[in-house]
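Taking the form predicted on its own, here's one chain by itself in structure tokens.
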């Protein structure tokens, strides 16, 4: 006779074992290691937050301190590999297999460990893809999450950095898993209930507040005139021409420069109210001047950003906030908005090949993807039109029945032709292919496939790949903006000039932009201190960004 409850009994056994270290649901930080050793089983799938920004660092330290004789061969299924402890567990044998999305701060170390065979890599995912697999074949047995506060019943307040938490808890708690939350404090009553207590099995009173990575803060003082020039071209040659109102910006100084040019250069072009009104975006400090100048109507956030809490609390007309005044972020919902409701994604990358494929994998760094493959893809399930979407679709298809010509999402790669240490951005062959070969991956970790990329912007100009009609035109368009890299020097000059005559390749002068006008004076804020002034003193930047 089939036993239909064998899996359902497992969490009861785990919880019973963990209660020896708890007072009700509450566990002191000093007992966190013992709690994990009691609850975890060898080979478990474990989701440790590990988000893009928020880190369950107390639980990460506890997991790394577990006895490998008791806890070993875990399969980690977490979106972010950010803390050293996230990789320490692989060196000690506590964990063996990994499925993840982003590893920016640990990109160098994870590359060495992958090439050294210390990690069995399942795949590098986009966020929404990994979240989807939580509900299919990567459902966590145990989730280790982070919140701001909890009451003794386990009701959890996640605060501005809710991020991945609701998705992780939903998948774990409702499929016979155990959820352990670390919190900054135990309170009588939480400001709002973000996660109901019946989904939380244990609450660890952490020894210090959880760490939040200031991932999206870019100091305007570090922006260059090259980045200003590229921002001018993006605004005039793409944002204005397509009338882009709903959008997402990836991380980087290039996109931050666009944000700081909206109240100055964008105002000069008469674009206020016509572009950049609705955003799927973390609360970038560099967006403050555009918000204060009345450009931005609404922002939905994946997570928060260090120092932006007071500013967000005072701008509820712009941000999604709770009755308590704090930001309500949600990575899964915002990624969905970015996929289906945004008409443009613009971001940077480390390598682009001649087909337009891009990747953040290099020979010595595996940074992961985060949300870029999701935001930077053309969703074939979209059915609602917009002027931007339809214009891009008509450019791509050229001819056909207008009623059957679906639109296209604009996916823009904004890159300088040479990156750090003068490493060329444009290459014949992506390093991702070598990683796949050495680690036995069936599929190379490409961040954005070339057939999704619609435009490439460099300091040399804009390549509009939508207008290319064959692979040769596409290759020459990419070479045409690749500057003095080997790829750029290999261009067919006559062909590139032909593409320029057709508007496929455009130089700054073709857009009516004088490169000498690309001056830092155009930036609405030229320092972090200027951003504080724009915010009326509400923005409180992290100490490492203060120089006054």
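Here the structure is a predicted model, which is why all the values come from computation and not from measurement. Positions refer to the first chain, counted from 1.
Only in words, not in the display: the form predicted together with another copy of the chain, which the text now covers.
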Pick from 137, 207, 364, 241: which residue has any heavy atom within 4.5 angstroms of another copy of the chain in the predicted complex?
-> 137
The one residue among 265, 216, 426, 369 placing a heavy atom within 4.5 Å of another copy of the chain in the predicted complex is 369
In the predicted complex, which of the stretches 90-98, 118-126, 256-264, 418-426 has residues with heavy atoms within 4.5 Å of another copy of the chain?
-> 118-126
Within 4.5 Å of another copy of the chain in the predicted complex, do 4, 15 and 404 each have at least one heavy atom?
-> yes
Determine whether any heavy atom of residue 337 comes within 4.5 Å of a heavy atom of another copy of the chain in the predicted complex, and answer yes or no.
-> yes
Does any heavy atom of residue 193 come within 4.5 Å of a heavy atom of another copy of the chain in the predicted complex?
-> yes
Does residue 278 reach another copy of the chain in the predicted complex if we count a contact as any heavy atom within 4.5 Å?
-> yes
Hey, in the predicted complex, is residue 443 touching another copy of the chain, heavy atoms inside 4.5 Å?
-> yes
Even though the chain is shown alone, can you say which residues of 245-265 have a heavy atom within 4.5 Å of another copy of the chain in the predicted complex?
-> 246
